[in-house]
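A single chain comes next, written as structure tokens; it is the form predicted alone.
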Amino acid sequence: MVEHTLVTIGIIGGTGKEGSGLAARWARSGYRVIIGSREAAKAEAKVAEMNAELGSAVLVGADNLSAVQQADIVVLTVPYDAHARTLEGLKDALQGKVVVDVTVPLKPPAVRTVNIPPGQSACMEAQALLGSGVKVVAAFQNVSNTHLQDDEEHVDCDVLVCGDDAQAKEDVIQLAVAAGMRGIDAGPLQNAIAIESLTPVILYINRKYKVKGAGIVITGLEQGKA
């Protein structure tokens, strides 16, 4: 496991609610975090706003390519319709890195209905596109940005982590812990089909029962351990 203070996280699509929420949580935990955007100016503006709220210049803004080049772990938080295009543009720079793909293949306007993409899951499509030189890990798909944007220290939601590399999964589980959640090894990357499919179900539950931020908690495990 890599000591988190030595790790730089680059968040692609980091100006959005999910990316910025994770960025703030990891920065508070001691990680160096770079927020990426297609335009560096947009990332820098978001970082200035967030650093003011955090009370310290702990976040850095950059264009997506620069964020990837400086990062040890890359987190992808873009809409599905930008997923393949974003990865294709960054493919060379991503080689040798761990990519945490948070993407869910939602198909508007039916975002509360499961959509299975051509490659079975967004994460599996990412792995196929990027090749064996990149370790893709699926995580954080089932965590509402309502919680991530909140100042609450602990989020009552488990993070299901799927991937084909054991060490990469363990590093991402530690990212979940640093963000105030419990990370759980949920098997190989193929299991991302189920993980991603849970998100439309959760969105349906939110609307049906008029709640915000419904999530997944795995019972039967000792609290704090997976």
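The first residue of the shown sequence is 1; numbering continues from there. The structure presented is a predicted model; accordingly, all values stated were derived computationally and were not measured.
Below, we refer to the form predicted together with a small molecule, which is not included among the displayed structures.
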Of the options 137, 126, 94, 143, which one has a non-hydrogen atom that comes within 4.5 Å of the small molecule in the predicted bound form? 143
The small molecule in the predicted bound form: contacting segment from 128 to 136, 112 to 120, 152 to 160, 97 to 105, heavy atom within 4.5 Å: 97 to 105
The small molecule contact at residue 82 in the predicted bound form, heavy atom, 4.5 Å: yes
Closest heavy atom of residue 28 to the small molecule in the predicted bound form, within 4.5 Å or not? no
Applying a 4.5 Å heavy atom distance criterion, does residue 215 contact the small molecule in the predicted bound form? no
Is residue 78 close enough to touch the small molecule in the predicted bound form, meaning at least one heavy atom pair within 4.5 Å? yes
